[in-house]
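One chain comes next, on its own, written out as structure tokens in the form predicted on its own.
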Amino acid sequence: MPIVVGIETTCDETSVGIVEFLGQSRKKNKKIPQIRELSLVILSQEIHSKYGGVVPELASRSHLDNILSVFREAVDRAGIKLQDIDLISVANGPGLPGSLMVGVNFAKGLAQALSKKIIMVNHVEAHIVSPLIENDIPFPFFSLIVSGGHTSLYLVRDIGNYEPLLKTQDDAAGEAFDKIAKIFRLPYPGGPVIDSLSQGKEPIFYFPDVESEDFSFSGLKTFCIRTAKNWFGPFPLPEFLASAQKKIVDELFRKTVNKVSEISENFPEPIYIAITGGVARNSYMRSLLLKADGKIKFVFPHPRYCMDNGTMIAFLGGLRNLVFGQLSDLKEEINPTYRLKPSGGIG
């Protein structure tokens, strides 16, 4: 069965994953073949921490400096030869233009040098299918993507059949964490820092609700600025951060469950909701959703598959090649701002 290399450089992680597709199919979802991860290398760029967010020019330079060494390390860990590679999969959007160009051009050069097939895939679609790497989830299921750049809910009817249900009106959930952290001069990325400082703290602050069906988090930043500015005396920062974290997660939970309940009356039970993206590593979110009872079952990928990673790119590229026979032309370019088409891919 094919060995697929996945290359991910959409933002500030330089990652290469190598997977082998096996012959066996799943019990619940026979359309999805089982895979074996041979290696995964993720290099997170720490240079952005002092700026409180990703600096695009620095991100692309870092990818350029590190992509070759990350690829070599992934190949060494996998214990394969370059000739063993059957397919090269690379994310060509959405993302930062300079960062995407590094990954796509590296993948093209690799494909030409080794005379290998190449496929370019959508980064958001890769997040959607990432829970299927380890979990046997039957179709249809729901996918909630929560990261620094994306907050969207999809109905996943099949590979290549995605129906958008909810989106963010402004900031993504991960972006909200980062902005709140920046207000209080905490390190970037803000999500893990806020999660750590909130451990065991009581959420004592009330955040007003946003009257909108879609997600909206921009008001949180304004509320945080005003509260901190008008506070008298020692500021209870850990409790405030615990309150902000609870508000973001509760907002995601409430609106997701409401939307899923609206349209899933005739779905077989349990109804699966897969939570993906960097915010899916949040400990409060995991503890809240995994305790949820009823006909809805929440599924999380392994934490390493929540962040941007090459394995999910390899997995999606291999799936689209096996299911649809899809390949890409070397003339295809990056698509930094394009949305996910209902059939998958860039559109």
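Numbering starts at 1 and follows the sequence shown. Owing to the predicted nature of the structure, the values given are computational and were not obtained by experimental measurement.
Form predicted together with a small molecule: not shown, discussed below.
Q: Does the small molecule come within 4.5 Å of a heavy atom in each of 189, 278 and 307 in the predicted bound form?
A: The answer is yes; 189, 278 and 307 each reach the small molecule.
Q: Select, from the options 79-87, 174-182, 152-160, 266-274, the stretch whose residues sit within 4.5 angstroms of the small molecule in the predicted bound form by heavy atom distance.
A: Answer to the contact question: 174-182.
Q: So which of 148, 131, 93, 103 gets a non-hydrogen atom within 4.5 Å of the small molecule in the predicted bound form?
A: Comparing distances to the small molecule in the predicted bound form, the residue within 4.5 Å is 148.
Q: With the partner left out of view, is residue 195 within 4.5 angstroms of the small molecule in the predicted bound form by any non-hydrogen atom?
A: Yes, residue 195 sits close enough to the small molecule in the predicted bound form that at least one of its heavy atoms falls within 4.5 Å.
Q: Does residue 20 reach the small molecule in the predicted bound form if we count a contact as any heavy atom within 4.5 Å?
A: Result no; residue 20 lies far from the small molecule in the predicted bound form.
Q: Can you tell me if residue 282 lies within 4.5 angstroms of the small molecule in the predicted bound form, counting non-hydrogen atoms only?
A: Residue 282: yes, in contact with the small molecule in the predicted bound form.
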